[in-house]
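First comes one chain, alone, set out as structure tokens in the form predicted alone.
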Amino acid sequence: MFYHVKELQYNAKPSQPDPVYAKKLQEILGGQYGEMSVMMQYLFQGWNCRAEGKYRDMILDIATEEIAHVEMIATMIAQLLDGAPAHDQEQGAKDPAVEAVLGGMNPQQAIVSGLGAQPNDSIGYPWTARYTIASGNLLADFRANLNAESQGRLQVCRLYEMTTDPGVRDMLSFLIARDTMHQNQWMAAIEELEETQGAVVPSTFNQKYEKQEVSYSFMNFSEGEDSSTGKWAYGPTLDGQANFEYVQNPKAMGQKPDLQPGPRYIHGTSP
């Protein structure tokens, strides 16, 4: 069950309108690594969770917080659009849609959403559920979550640098801090799962059925050998099962492809 508290989790009030910046802010709302993506990703991970109860509880805690972040950013975007479109354009551009285009504002925010936020990214591409990952394997999902929070924090930090509005920066500073916590949260959960289930996903597949001769070989498939100095090329593997092997000149291990002609109804090229 969800219920709505009328107050925002944190302040989301700009010092002045800025429709151009409102367009930029759409990225962390409806973009691939925006708040809508992590909200839906965590909700479905939590609802589908079949593991120990603490994991479901934790996932839904953060999922519900992300709903609050969506609300904060949507509210901020709507307020940045107050008074929009900006009135510093040529006198001839009296039409709001034309003026919006000239000012760099997203015209759909004036035409379609009535000066409100949209479930889109910063160039108007609609949010899609294909951005989300909920596989049922918590270690795989938590690694995806760590990536999402890393990319999300990176984008919020960049947006922080793109404005001097103290109200906007105040809200972004809160989101940046929460992303710091969420990255640490997922790292802690990943470490806990790795201690009990191992580092490789899935841990339940019997490794005798994989081609173990190449399980820990780093293959040099580019010019130069700089990659040989990384920890992925020598020393113990991170799953503790072997040592890395560096293969300087990997050889082809398969056959030369020799495909049969297609049937006549395909109308391919005859041999």
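Numbers follow the displayed sequence, beginning with 1. Whichever C-alpha set is largest while still superposing within 1.5 Å between the two forms counts as the rigid core. Everything numeric in this text was worked out from a predicted model, so none of it was measured.
We do not show the form predicted in complex with another copy of the chain, though everything after this point is about it.
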> Using 4.5 Å between non-hydrogen atoms, is residue 11 touching another copy of the chain in the model of the complex?
Replying inline: yes
> Does another copy of the chain get within 4.5 angstroms of any non-hydrogen atom of residue 29 in the model of the complex?
Replying inline: yes
>> I'd like to know whether residue 42 contacts another copy of the chain in the model of the complex, with contact meaning heavy atoms within 4.5 angstroms.
In response: no
> Would residue 167 count as a contact of another copy of the chain in the model of the complex, using a 4.5 angstroms cut-off between non-hydrogen atoms?
Replying inline: no
> Of 124 to 149, which residues get within 4.5 Å of another copy of the chain in the model of the complex if you count heavy atoms?
Replying inline: 124, 125, 126, 127, 128, 129, 130, 131, 132, 133, 134, 135, 136, 137, 138, 139, 140, 141, 143, 144, 146, 147
> Can a Cα shift of no less than 2 Å be assigned to residue 254 between this form and the one not shown, given superposition on the rigid core?
Replying inline: no
> Would the C-alpha of residue 6 be classed as shifted by 2 Å or more between this form and the one not shown after rigid-core alignment?
Replying inline: no
